Ligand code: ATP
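One chain follows as C-alpha cells, the form predicted alone.
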Amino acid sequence: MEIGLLGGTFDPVHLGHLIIAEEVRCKLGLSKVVFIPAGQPWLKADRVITGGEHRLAMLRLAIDSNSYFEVSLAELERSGPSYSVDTVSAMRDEYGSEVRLYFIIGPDALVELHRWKEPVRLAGLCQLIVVRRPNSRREYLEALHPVVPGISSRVRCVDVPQIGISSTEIRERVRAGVSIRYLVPPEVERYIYEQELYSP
C-alpha cells in the first residue's frame, strides 16, 4: 500500500489543496491521501490560527465526496508544537513498515527543510513529494545538499496545475466582504459563513 500525507493548517482548506492531493494520488497511483491538520505549527507560532474543531470540520466537509481522502487527528490530538518528523514517525508506526509513505510538500517548504526538526530522519521515514508548477527548475534541491545530505534521492517532483489560491487570501476576502465562491468547496463556504469565521 502507498499512502500520501498532506499536512497544513487548512485555515481554511481550499480547492488548491484538493487539486494537489488528487493530482498526486492519480500520478503516483496512491491508495489514499491523508490530510493532517496541524495542531500548533511551530513555524506559525506568531499567528492566531482558527480552532482545530473548525478546521477539522471544514476538512471533513471538503473531502466527504472523495473515498480516497481521509483526515488524521494525529497533530490535533498531540499537545505541544507540531513537527512533521513526529507525525510521519507516528504514521509509520500506525501503518507498519510494509506501507510506503509519501509526504507532500511545496517547493517553498522544501527550501526551509533545513530548519525543520530532524530533516534527515524525516527524509528517511518517507519519500518527499514536492509539488511544483510544470517545467519549473530544481535549483532548490542543490542548495539543500550541504544541510540535508543525500536529499535528492529522497525527493520526487510531481507537476501540478498552477493554482493561485491561498488560505490567507480567503480569510482576507471574508473579512472584506468579498465572495469566496469557487475558491473553496460550497460546503466549506457555507460553514465559514454559518460559523462566522474570519469575520471582522
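Predicted model only: the values in this text are computed from it and were never measured. Note that residue numbering follows the sequence shown and begins at 1.
Keep in mind that the form predicted together with this ligand is not shown, yet the notes after this line are about it.
Remark: Ile163 counts among the residues lining this ligand in the predicted complex, judged by a heavy atom distance of 4.5 Å or less. In the predicted complex, this ligand sits within 4.5 Å of a heavy atom of Ile105.
Although the partner is absent here, Val24 sits far enough away that none of its heavy atoms falls within 4.5 Å of this ligand in the predicted complex.
Using a 4.5 angstroms limit between non-hydrogen atoms, Arg171 touches this ligand in the predicted complex. Using a 4.5 Å cut-off to this ligand in the predicted complex, not one of Gly52, Ala57 and Arg60 places a heavy atom inside that distance.
With the partner removed from view, the residue among Leu30, Val34, Val148, Val131 that has a non-hydrogen atom within 4.5 Å of this ligand in the predicted complex turns out to be Val131. Contact annotation for 1-15: residues with any non-hydrogen atom within 4.5 angstroms of this ligand in the predicted complex are Leu6, Gly7, Gly8, Thr9, Phe10, His14, listed in sequence order.
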